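One chain comes next, on its own, written as structure tokens: the form predicted alone.
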């Protein structure tokens, strides 16, 4: 039996989709783990979309760009639609994690991760943080350091607004996303073995 990681994300310009793909890649490199991507806009209604796939997942990773200081509207629509699952506590005791991207270094991304963590808490889920020390914060460090944005609660990436998803976010953010996906997958392996 494989462990299933569902990555639910919205991407307005393609940058967050790239991050989601790298999270899935990292998760899928863990033996016995399958990672699948789901677009938040396909889950905008509680009665339409692959909700059964989320019900079968051992962990759900939330992802969205940070727009105007919070998660994008299509992701919020998915979050609101999940209230039907919340009512029956359908995701209780699953693992949860989150990632966000913005054009600015800060961009108030922490607020988006906090939205994800609160959503997970309301569902009775258990949060998995990034688990990496911050990079690019001392003399001699470079933008190629892992966790260059310096997040703890979840994964934060940054993409210049004048660059497309073929180049942004940069390679260090993509590698950090893969390590984050691996961390969630390894946590799910440990979590399911303990059931």
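Residue numbers count along the first chain shown, from 1. Keep in mind it's a predicted model, so treat the numbers as computed, not measured.
Here the subject shifts to the form predicted in complex with another copy of the chain, a form of this protein not shown in this document.
- Using a 4.5 angstroms limit between non-hydrogen atoms, residue 53 is distant from another copy of the chain in the predicted complex.
- Another copy of the chain in the predicted complex comes within 4.5 Å of no heavy atom belonging to residue 33.
- Among heavy atoms of residue 46, none comes within 4.5 Å of another copy of the chain in the predicted complex.
- Using a 4.5 angstroms limit between non-hydrogen atoms, residue 24 is distant from another copy of the chain in the predicted complex.
- Contact with another copy of the chain in the predicted complex holds for none of 6, 9 and 18, as no heavy atom of theirs lies within 4.5 Å.
- Contacts between 79-94 and another copy of the chain, taken as any heavy atom within 4.5 Å in the predicted complex, involve 79, 80, 82, 83, 86, 87, 89, 92, 93.
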